[in-house]
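Here's a solo chain for you in structure tokens, the form predicted on its own.
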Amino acid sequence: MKWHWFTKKKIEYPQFWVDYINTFNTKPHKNIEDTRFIAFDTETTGFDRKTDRILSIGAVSIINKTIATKDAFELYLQQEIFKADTVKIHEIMKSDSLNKVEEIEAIKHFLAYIKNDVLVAHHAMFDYTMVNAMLKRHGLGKLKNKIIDTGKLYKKTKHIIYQDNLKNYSLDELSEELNVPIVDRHTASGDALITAVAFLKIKSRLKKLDKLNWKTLF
């Protein structure tokens, strides 16, 4: 329960949101190797956080040097909005046979999966913003998790000159640079796995450079 700052009325949050918020009462691991990272990705109807919607969420957990594929997360959402021009990218049809859930159910499952762990995504601000827009539609707050962007983190493994620092690596370009196999590209679960492998390779490079610490990661 929370007081709204303007109306002074009590806000009754659903239990799943309270449970999520309460996970942050636990102190995070100080050791990077013991921390559970969650690489995740979203497929959407487009790039506008106000008018577009998330179609699917894929995620996989990482602890130390291990990607826990058995602990993977994949979920498809019912489509309120359909844009034929983006189907050629994500290939998710409105009438296909995928088992889809309502948006509020997707939120419940995703928050229960990520808890207070550190999120990892490529071009992370887009996915972060789309999830927050989804939360806002249901009267919830923003994600509280710390988040790492693999595109920005990769640059910290290089001797950056001005032009390199401006380069906005796509996931394909990053995969090529790091020799990461491209599997199930443009599916949320596939891109989450690619991001997880890229993150481990970047983390390994940072360790060799003696730069693997929380300050560098964030």
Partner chain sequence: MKNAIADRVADFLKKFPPFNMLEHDNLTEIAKEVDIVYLEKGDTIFKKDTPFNNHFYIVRAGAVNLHHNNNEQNNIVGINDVGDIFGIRPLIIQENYKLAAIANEESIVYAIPIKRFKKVSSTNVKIHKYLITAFASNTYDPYTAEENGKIFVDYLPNTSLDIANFQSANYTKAPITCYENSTLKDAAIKMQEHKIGCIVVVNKDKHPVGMVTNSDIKNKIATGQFPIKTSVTNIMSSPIITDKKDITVAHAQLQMIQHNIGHLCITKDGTANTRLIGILTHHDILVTLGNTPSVILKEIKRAKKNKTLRSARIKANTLLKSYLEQNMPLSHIVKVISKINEAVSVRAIELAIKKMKSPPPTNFTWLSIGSQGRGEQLLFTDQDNALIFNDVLPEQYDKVKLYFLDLAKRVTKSLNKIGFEYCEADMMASNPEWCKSLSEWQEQFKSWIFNPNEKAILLSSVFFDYSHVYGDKHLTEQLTNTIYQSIANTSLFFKTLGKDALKNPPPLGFFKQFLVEQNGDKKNLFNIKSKALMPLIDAGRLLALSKQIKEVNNTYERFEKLSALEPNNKELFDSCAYAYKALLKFRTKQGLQNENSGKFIELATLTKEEKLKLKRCFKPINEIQESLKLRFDLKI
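If you're wondering where the values come from, they're calculated on a predicted model, not measured in any experiment. Numbering follows the first chain given and starts at 1.
One more form of this protein should be noted, the form predicted together with the partner chain, which is absent from this view; the next part is about it.
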- prompt: Heavy atoms within 4.5 Å of the partner chain in the predicted complex: which stretch among 167-175, 41-49, 66-74, 146-154?
  reply: 66-74
message: Please determine whether residue 197 contacts the partner chain in the predicted complex, using a 4.5 Å cut-off between heavy atoms.
response: yes
- prompt: Within a 4.5 Å heavy atom cut-off, is residue 23 in contact with the partner chain in the predicted complex?
  reply: no
In the predicted complex, residue 60 touching the partner chain (heavy atom, 4.5 Å): yes
Contact label in the predicted complex: residue 54 to the partner chain, heavy atom within 4.5 Å: no
